[in-house]
Structures are given as structure tokens and as C-alpha cells.
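Here we start with a single chain on its own, the form predicted alone, put down as C-alpha cells.
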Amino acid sequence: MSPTNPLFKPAFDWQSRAVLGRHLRVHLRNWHTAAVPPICEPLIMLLAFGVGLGGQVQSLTWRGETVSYLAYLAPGILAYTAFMTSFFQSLYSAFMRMHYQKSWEGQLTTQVRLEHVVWGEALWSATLATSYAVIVCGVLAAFDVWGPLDLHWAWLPLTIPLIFVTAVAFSAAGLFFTAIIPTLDHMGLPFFLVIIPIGFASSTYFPLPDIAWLHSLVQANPLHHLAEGLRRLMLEGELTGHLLAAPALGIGMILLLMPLDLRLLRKRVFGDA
């Protein structure tokens, strides 16, 4: 990007909002089916792992205290939903729009430039991920009312902007793979190389083992901080530095990845060197 066009400026241009609005309108046409994954996935996870596996595990030790596995798992599912949704949307869905549906090609024939298309994809992926996270909160609230969970809700709305910023960072990571994978057949590689390792090395589903190098490594993992921050908030009602570390690391990822994404995608879409 040129010096007169800073990194974040296209994110606030009307063209990027127009791209986001286009994706939103398409999504809302199928709202009745689009709402199924964010409702059913956490419900299945809570029942299968929290209730099913939790019935065998019963409880675990977290921060020196004994908590039920279901209570430990619930905030992790919320954090993982933001991560998985933003990454998947900016990887698979963006790849389909770019390569097969030719949506990018149509947008670029208007006043929309490539940086607007890319930022629009990142903002849309983060918006959808944040919306799904809110729906997951509804599922968790139902479990709270039902009785298996006893969560603190007072400060949770304040975390929505933090989840959004972190989701933009995950979207930037997804767009990087959109730029480099050659075909749809290679789509599984980012899931095995990125999503699964990050997901399991982030204390979302279980506490990390007491290994010094692993604890040092996950300090650079925004998903770990998001999961732990939400867990401290929802189980103990405490606002901690984890909730600031997640978006702070996310902003670092955005600063690093978005210029790289734009350069790689410009080369892929236009053939520029």
C-alpha cells in the first residue's frame, strides 16, 4: 500500500462497508439455515463434551481450584467459536468468492479497489464471528438457567469489541492462506497446520500441561488469552489482562498480516509482481 494510503484507511472507507454489506445481505437471505451452526455446534459440544465427557471427568483443577469440566469448557467454546468462524469465513468462503463465484471480479469492476475487497472480507468474517459468539452466549445462558452452569454475565458485553478485534486478526490469518493455497483440494492443510494446533494449544478444551516451554509459547497465542480471559470473567467475575492481551496480539497480527495479504492477493488476482 502506498504511503498516502495507510494500512487502516481502507477499512473505514465506504467501499469496504459496501463489501461487508453485500456479504450481510447474502447471508440474511439464508438466515434460517445460517443460524443452525452457531446454535447447534456449541449445544452439541456442551452436551457431548461438557455433559457426556464431563460426567466421566467430573471436575478438574484450574488456578488451584476445583471446577466442573462443563464450567471450564463453556468459555473455551465461546472463544473457539470466534476463532473458528472468522478463520473459516476468511479462508473457505473468501476463496470461493474469489476463485469460483467471481464475486471479487464483479466488485472490482466498480469503485471498489482490491484493498476494499480484502478489508471487507476481514470485517465481514469478524462481524459474523462476533455475531456467532453472541449466539453462543445465548446457548450458555440457557444452560445457566437450566442449572448445569453458574456464570457471571455482568461484564460480558464489554468483551464484544475485544472479541471483534481478535476475530479480525484471525480473519487476516485466514486471508493469508486464501492467498497462497493453490486449489480447493489444499483447503485441509490450514486446518491441520493452523486451526487444530492453535485450538488445542490454547486452553480452550482442557488446561495446558505444566510444561515451561509450552506456557511460554502460548503467551503469543491470542486464542489462549481470549479463552482464559473469558473464563476468568465468566467463572470468577474478574476482568484480567488476558482480555487486553488478546486484542493487543490481534492488532500485531493485523499489522503484520494485512500488508502481506494485500501483496499476495494482488499478485494472485492481478498477476502483479
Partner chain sequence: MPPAQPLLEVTGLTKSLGGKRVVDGVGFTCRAGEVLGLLGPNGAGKTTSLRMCYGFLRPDAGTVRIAGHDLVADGDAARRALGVCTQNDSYDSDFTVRGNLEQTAHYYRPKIDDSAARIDELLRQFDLVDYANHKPEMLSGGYKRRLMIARAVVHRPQVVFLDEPTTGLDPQARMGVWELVSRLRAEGMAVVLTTHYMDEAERLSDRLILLEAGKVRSEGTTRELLGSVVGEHVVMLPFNTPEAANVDAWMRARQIRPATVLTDWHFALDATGLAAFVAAFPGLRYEVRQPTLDDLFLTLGKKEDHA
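Numbering follows the first chain given and starts at 1. Everything quoted here is computed from the prediction, not taken from an experiment.
Separately, the form predicted together with the partner chain exists; it is not shown, and the next lines address it.
Only one of Cys40, Ala220, Leu244, Val26 lies close to the partner chain in the model of the complex, with a heavy atom inside 4.5 Å, and it is Val26. The stretch from 143-151, 68-76, 112-120, 181-189 that comes within 4.5 Å of the partner chain in the model of the complex, counting heavy atoms only, is 112-120. The shortest heavy atom separation between Ile135 and the partner chain in the model of the complex exceeds 4.5 Å. Pro161 falls outside the set of residues with a heavy atom inside 4.5 Å of the partner chain in the model of the complex. Proximity of Val194 to the partner chain in the model of the complex: non-hydrogen atoms within 4.5 Å are absent; the residue sits far from the partner. Among residues of the shown chain, Leu7 is not one whose heavy atoms approach the partner chain to within 4.5 Å in the model of the complex. Counting a residue when any of its non-hydrogen atoms is within 4.5 Å of the partner chain in the model of the complex, there are no hits in 193-220.
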